[in-house]
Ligand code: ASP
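This document opens with one chain alone, in structure tokens, the form predicted alone.
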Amino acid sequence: MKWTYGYVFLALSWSMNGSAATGTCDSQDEYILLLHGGFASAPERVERQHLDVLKRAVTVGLKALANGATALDVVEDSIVLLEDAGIYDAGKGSYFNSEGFVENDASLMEGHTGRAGAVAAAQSLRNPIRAARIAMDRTPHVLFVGATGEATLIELGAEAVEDPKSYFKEYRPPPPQEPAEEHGTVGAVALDRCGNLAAGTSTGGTPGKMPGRVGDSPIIGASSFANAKYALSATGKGEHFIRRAATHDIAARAEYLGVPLQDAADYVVRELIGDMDQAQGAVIAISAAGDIVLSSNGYGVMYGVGSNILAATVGAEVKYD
């Protein structure tokens, strides 16, 4: 696989300020951060502003990892930056469903412990990924759904917006014969200097979706998945990623069959979901051994990546030999 990189930067004033990412992870020199801003079906669907924000988020996240932040903290905080940007279909940029309100989904998983948290069909959360972290850290459960689940997480500290109607985005179907806009689910995977992995995903779901519809983003093993060896996040047609248990299947193929992580991802994303299901999507993944993987069955996936030896880099195209 060969990547085509685009180097862009936007001077944003954001900073990581959510979880207390204290300098405690310094047992190894290696660290990696890989983010995505959604599936890209064609080059003209990639906007510079999306790559600019990814570049900034990777730059900030890499600094945190270098200073000893945990993979879990950096994944969460990186996704918060993408949610707050308002230009992806996640967090502030989420679109209304067909009845005119938002239903947000997010999930978070820590590889070496197997802990996970998720929220689905949330209507007023400022940062769904923060709510997923609260579910993980402050409850014995994994997934909270709907109005009652959202209320529980707000009582535990999740922040709600005062006026969801004005905070989130109204959905207007595109004119006939014009393709739908691609604003993108967001996700992150990280390896920290303790050698630990984490993964997270956040989305507003399909714009104009039927009320109550939940995609793959809050489903552990369909979108977010991490264990001691691999961390993955998915974007695309969520129903197919759920049916295929996509990210868990990729990790299982890599571990049990001993195939390279790239090959495992390509089989699930390109052959199963792409060729057999005729559905679009992409996966980002990293390994504790240092593998960095992008897999897409379209033009690519908007991504940002960096490590202790790779400066913050962004792009979208995924080429195959």
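Treat the numbers as computed from the prediction; the structure is a model and nothing was measured. From 1 onward, residues are counted along the sequence shown.
The discussion below concerns the form predicted together with this ligand, not included here.
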Stretch in contact, per heavy atom within 4.5 angstroms of this ligand in the predicted bound form, of 124-132, 107-115, 155-163, 214-222: 214-222
Within 4.5 Å of this ligand in the predicted bound form, all of 78, 91 and 167 (non-hydrogen atom): no
Residue 237, heavy atom within 4.5 angstroms of this ligand in the predicted bound form: yes
4.5 Å heavy atom contact, residue 206 to this ligand in the predicted bound form: yes
Proximity of residue 233 to this ligand in the predicted bound form, heavy atoms at 4.5 Å: no
In the predicted bound form, residue 247 touching this ligand (heavy atom, 4.5 Å): no
